[in-house]
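Heads up, the chain below is alone and in the form predicted alone; it's given as structure tokens.
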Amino acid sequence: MLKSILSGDFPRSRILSIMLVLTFIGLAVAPFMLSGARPLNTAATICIFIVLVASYDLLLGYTGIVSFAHTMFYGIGAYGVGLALDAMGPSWWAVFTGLASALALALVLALMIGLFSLRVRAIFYAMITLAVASAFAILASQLSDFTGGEDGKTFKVPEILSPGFKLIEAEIFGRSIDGKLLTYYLVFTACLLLFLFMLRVVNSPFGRVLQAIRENDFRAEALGYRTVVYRTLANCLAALIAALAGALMALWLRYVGPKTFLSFEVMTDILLIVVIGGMGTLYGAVVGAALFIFAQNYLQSLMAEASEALAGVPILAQAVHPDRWMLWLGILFVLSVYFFPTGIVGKLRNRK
């Protein structure tokens, strides 16, 4: 049963298995174990970024494609759902219409980028995707009447997903069964299914061909595989999954804006998580996203507490001042790359 669910791709490390199980349990019970909006928002963001990062790993880790357009597809999914709900009202019909439109646009753009750009090599393809993504971000910012410009747009979601909705009056384990809780489990379930789907893809014959292209595209071509076709298909698949992740984030935040979905900072976060977790291992997306998003949300708070505790030692108190959290996040990243050059998952799997 477990072999079928994981598509035969087991963690192959006791420590990694424990980390994955704890992450799954933590995310599954987060609404009932944690109180307040911030912890729940952190858990939902981890779920969505696991899918977003894993979809990018299909390109970078499994196919060897360096793309900077992934946030564009992420933003397309978010804007598709958000603008449809804003224009058509908070209905499921608006959600599905916006999602279908976003997926169609993402597929067309991914196909065009694949057909016209994947014939070029490495850095040239990366620059083309960066140019396309930048143009799309500028377009979203300039069309303020339609997209809300730099400020973005807030919108209402279907009633069952709205915070004011209550499925039942009684509380379960001290938690009200409201629209926010239902939205969280919609996000959690959708992300789990998408991740298991990607596991199936990378462990299928199609996934093996992608890995062969990554290792040596000339040899794969010589064996009869049309590498451009497989790269284009991988690009389209990754784009569709990224768009779905964007749609889920839009439903969770009830907001769309260029800084949240289309900025290069989001692309940088994706790259950092892939490197920290380990390229070519979808489990790396789980470990990397959990650690990175948690650090991003709580490192500053932890440093503030440490700074207060070290008030009697001025030098140390200043060193861990919360305003320097980005510095320490960067140091942690450098250390993780130094001690885990193949990523955390790669290191754990290669451990004797």
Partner chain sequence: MSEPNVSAAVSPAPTFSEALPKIPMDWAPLLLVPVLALLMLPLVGSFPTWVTLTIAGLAMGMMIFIMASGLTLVFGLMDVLNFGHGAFVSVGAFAATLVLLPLRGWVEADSVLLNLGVVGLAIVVAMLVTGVLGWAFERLIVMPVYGQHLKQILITMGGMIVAEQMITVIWGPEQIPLPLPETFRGALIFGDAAIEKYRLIAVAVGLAVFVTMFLVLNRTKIGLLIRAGVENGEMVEALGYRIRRLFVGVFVAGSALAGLGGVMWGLYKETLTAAMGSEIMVMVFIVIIIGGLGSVGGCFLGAVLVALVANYTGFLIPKLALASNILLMVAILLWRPQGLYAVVKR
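Computed from a predicted structure; not experimentally measured. Positions refer to the first chain, counted from 1. Superpose the two forms; the largest set of C-alphas matching within 1.5 Å is the rigid core.
Beyond the structure shown, there is the form predicted together with the partner chain, which is absent from this document and is the topic of what follows.
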{"property": "Listed residue that, although the partner chain is not shown, lies within 4.5 Å of it in the model of the complex (heavy atoms), from 167, 138, 111, 88", "result": "138"}
{"property": "Partner-contacting position among 154, 101, 189, 142 - heavy atom within 4.5 Å of the partner chain in the model of the complex", "result": "142"}
{"property": "Contact label in the model of the complex: residue 131 to the partner chain, heavy atom within 4.5 Å", "result": "yes"}
{"property": "4.5 angstroms heavy atom contact with the partner chain in the model of the complex for residue 177", "result": "no"}
{"property": "Close approach of residue 333 to the partner chain in the model of the complex, 4.5 Å, heavy atom", "result": "yes"}
{"property": "Non-hydrogen atom contact residue 60 with the partner chain in the model of the complex at 4.5 angstroms", "result": "yes"}
{"property": "Triple contact flag 126, 327 and 337 to the partner chain in the model of the complex, non-hydrogen atom at 4.5 angstroms", "result": "yes"}
{"property": "Stretch from 318-326, 292-300, 44-52, 30-38 whose residues place a heavy atom within 4.5 Å of the partner chain in the model of the complex", "result": "318-326"}
{"property": "Neighbours of the partner chain in the model of the complex among 1-35 [non-hydrogen atom within 4.5 angstroms]", "result": "none"}
{"property": "Residue 329: Cα shift of 2 Å or greater between the shown form and the other one (core-aligned)", "result": "yes"}
{"property": "Note on residue 338-residue 15 C-alpha separation in the model of the complex, which departs from the shown form by 3 angstroms or more", "result": "farther"}
{"property": "Distance trend in the model of the complex - C-alpha atoms of residue 335 and residue 38, change of 3 Å or more", "result": "farther"}
